[in-house]
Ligand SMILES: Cc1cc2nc3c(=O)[nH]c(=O)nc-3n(C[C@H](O)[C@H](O)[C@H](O)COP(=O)(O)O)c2cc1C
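The chain that follows stands alone, in the form predicted alone, written as structure tokens.
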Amino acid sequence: MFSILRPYIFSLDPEVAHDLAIKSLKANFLPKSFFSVENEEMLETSLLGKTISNPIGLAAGFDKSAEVYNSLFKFGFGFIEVGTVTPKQQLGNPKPRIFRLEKDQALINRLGFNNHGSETVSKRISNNFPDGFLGINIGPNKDTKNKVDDYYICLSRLAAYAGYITINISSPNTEGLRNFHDQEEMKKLLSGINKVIKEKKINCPIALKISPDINENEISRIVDLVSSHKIQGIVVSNTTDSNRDNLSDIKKHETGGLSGQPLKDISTNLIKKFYKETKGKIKIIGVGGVDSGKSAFEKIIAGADAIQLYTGMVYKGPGIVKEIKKELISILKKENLKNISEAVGINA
């Protein structure tokens, strides 16, 4: 059905098409059974203290304000991450701000954390209990004077409604955000996060979403800080604001974060390096260019406990989750593996 609708969808402005998708998902009319597969028990795994039906997640950025996560769970996702949510509602950057690079199977976005704000999101989730494992991605408002305080506000306000919280320090579309990759800035942020967790008696796993544009020598330092501050997960990785040289599409010079196929090998190689440093003690969620069972498996054998996608669904439609599950099960049988968790890190 998506293949029939795709020419019409792609004739629309990308953000208009996305808004239309959100409105359609609010109708919540598709049965979950439509997206189920045989032998899915082979994909059951654990992530951040929770058993999930499969390791395929939806990355933050699609359901920014937690409007349609339960409809999205019906597509067969093992987990979903909403956001990025900021303390106050914000409109984001001026339009146009999303660009399809069809020749490269990629997107560039400079949305700038447009969302309805933490109060609205917390009320929305409290009134609509998640049907699966729901992560909430948090970040600071653009005009805030103290970014760390914004993380603390969001953590305090949203942790009670989340299966896990992702600290987003890696979007290229909020000025100064990636400064938190600096050793002292990261230490200050994570220490403050721990303080809030202790004071508010928060019982919610925390993950840190990092940039794909970091230097290799930064990896061990990040792992040391994450370990010492008892952060349970690392999301590898966000979009890149570099890596444009080999792209074909004329839109490649648009400012913003690049996602999709051009990020695939970059993020997979980074996953492998993080896995070697963490020695499997910190959960890794792999993101970037996943659009098939093969690309998902590549990230898992590199060291990802679970994977996320977004751009792949833009190009291949909601049936992508079912296809990835079927292909992963086929790969596991071929490799004589009984469960997906046995594959984690075997190529690292």
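Quantities reported herein were computed from a predicted structural model and do not represent experimental measurements. Quick note: we count residues from 1 along the sequence shown, nothing fancier.
Although not depicted, the form predicted in complex with the named molecule is the subject of the following passage.
A.B. asks: Among 128-136, 70-78, 253-261, 191-199, which stretch has residues whose heavy atoms lie within 4.5 Å of the named molecule in the predicted bound form?
C.D. replies: It is 253-261 that comes within 4.5 Å of the partner.
A.B. asks: Would you confirm whether the three residues L47, I300 and V344 all fall within 4.5 Å of the named molecule in the predicted bound form, going by non-hydrogen atoms?
C.D. replies: Heavy-atom distance to the named molecule in the predicted bound form: none of the three under 4.5 Å.
A.B. asks: Please pick, from T268, S118, N109, S211, the one residue with any non-hydrogen atom lying within 4.5 angstroms of the named molecule in the predicted bound form.
C.D. replies: Of the listed residues, the single hit is N109.
A.B. asks: Note which of I222, I98, V148, L247 lies within 4.5 Å of the named molecule in the predicted bound form, where distance is taken over heavy atoms; exactly one does.
C.D. replies: Contact residue from the list: I98.
A.B. asks: Quick check on G288: any heavy atom within 4.5 Å of the named molecule in the predicted bound form?
C.D. replies: Flag for G288 set to yes.
A.B. asks: Using a 4.5 Å heavy atom cut-off, state whether Y161 contacts the named molecule in the predicted bound form.
C.D. replies: Taking the distances in the predicted bound form, the answer for Y161 is no, it never comes within 4.5 Å of the named molecule.
A.B. asks: Is there a non-hydrogen atom of A59 within 4.5 angstroms of a non-hydrogen atom of the named molecule in the predicted bound form?
C.D. replies: The answer is yes: A59 has a heavy atom within 4.5 Å of the named molecule.
A.B. asks: Using heavy atoms and a 4.5 Å limit, would one call T174 a contact residue for the named molecule in the predicted bound form?
C.D. replies: The answer is no: T174 has no heavy atom within 4.5 Å of the named molecule.
A.B. asks: Across 160-177, which residues bring a heavy atom to within 4.5 Å of the named molecule in the predicted bound form?
C.D. replies: Just N168.
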